[in-house]
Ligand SMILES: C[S@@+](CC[C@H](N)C(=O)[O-])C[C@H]1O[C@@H](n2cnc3c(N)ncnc32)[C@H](O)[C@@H]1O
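Take a look at this one chain, the form predicted alone, written out in structure tokens.
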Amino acid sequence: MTARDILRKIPGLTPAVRWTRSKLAPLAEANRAAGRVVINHGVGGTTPAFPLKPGVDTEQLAADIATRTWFHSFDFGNGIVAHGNDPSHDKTKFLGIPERLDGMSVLDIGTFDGHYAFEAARRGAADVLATDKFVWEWPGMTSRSNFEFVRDRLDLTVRDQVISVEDISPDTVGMFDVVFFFGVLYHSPDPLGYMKRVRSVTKKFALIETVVDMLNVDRPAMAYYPGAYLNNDASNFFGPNLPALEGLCKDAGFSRMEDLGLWRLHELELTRGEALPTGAPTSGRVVVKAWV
């Protein structure tokens, strides 16, 4: 008689083993899923303050900032900060932006208040174009005014163009070494069309930050957000999982996608105010680098 045969004769042991396995199996699967998710821990620390033009009245600057509503956050030094919903100076370290962009051209699609366009200029980019239309022309939004307010006071050069993603092309904006596509893809009713627009103006690589969903699904898939399902915002449409995002990049014409990882986990639960799951994340916000 084997040891297993002897153990099987112990009253209640077999049901107990089955119960234990039933509880451990989902945990094991969650751990396997977590192993497939890359966590983005960021590079470096909080980015430094932006340089002001000589002669800017800092007391007046602080007073003017307080009268405005901000989405991006801006640190102007000397304790003068525009506080927006976006933790921009902290978030920059997760976005994969090279420490130096000297001699390179950068396009920031969906620039909003322009923080990342100005960050590209601060890192030495030779030419930076900030583009937007949706929020720049939305009634009651101050993002275009904020962008111009910041540009007028920083010792940095950033061009701007009012244009929708649907109209982005080499003919309308030109070609750029690096393209920023932060927080835009999940707002698109046509994700592949948007990605093709991004690829069409990219000479080297694009950095893409987006909501991702259905991370527990191995095959390419996208979640659809009807109405105001996500964050009470009807401008949100699709959250791809990572295989789908890679497929979008490749079908758009990029040669490969580098997964820089999730910088925020459980995005769906966070934005919908739901309890956070205890297992592996099924949604989040990811940064990927798509190479030409």
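None of these values were measured; they are calculated from a predicted model. Note that residue numbering begins at 1 and tracks the sequence as displayed.
Same protein, other form: the form predicted in complex with the ligand, not shown, and the subject of what follows.
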**Prompt:** Which of these residues, Y194, F149, F76, F205, gets a heavy atom within 4.5 Å of the ligand in the model of the complex?
**Reply:** Y194
**Asked** Using a 4.5 Å cut on heavy atoms, which of I97, L154, M214, V165 is close to the ligand in the model of the complex?
**Response** V165
**Prompt:** So, in the model of the complex, is P220 in contact with the ligand at a 4.5 angstroms heavy atom limit?
**Reply:** no
**Message:** Within 4.5 Å, heavy atoms only: does F182 come near the ligand in the model of the complex?
**Reply:** yes
**Asked** Can any non-hydrogen atom of R122 be found within 4.5 angstroms of the ligand in the model of the complex?
**Response** no
**Prompt:** Any chance K93 has a heavy atom within 4.5 Å of the ligand in the model of the complex?
**Reply:** no
**Complete:** Which of 197-205, 76-84, 127-135, 171-179 lies within 4.5 Å of the ligand in the model of the complex, heavy atoms considered? The stretch 127-135
**Asked** Should the three residues F50, W70 and R144 be counted as contacting the ligand in the model of the complex, with contact defined as a heavy atom within 4.5 Å for each?
**Response** no
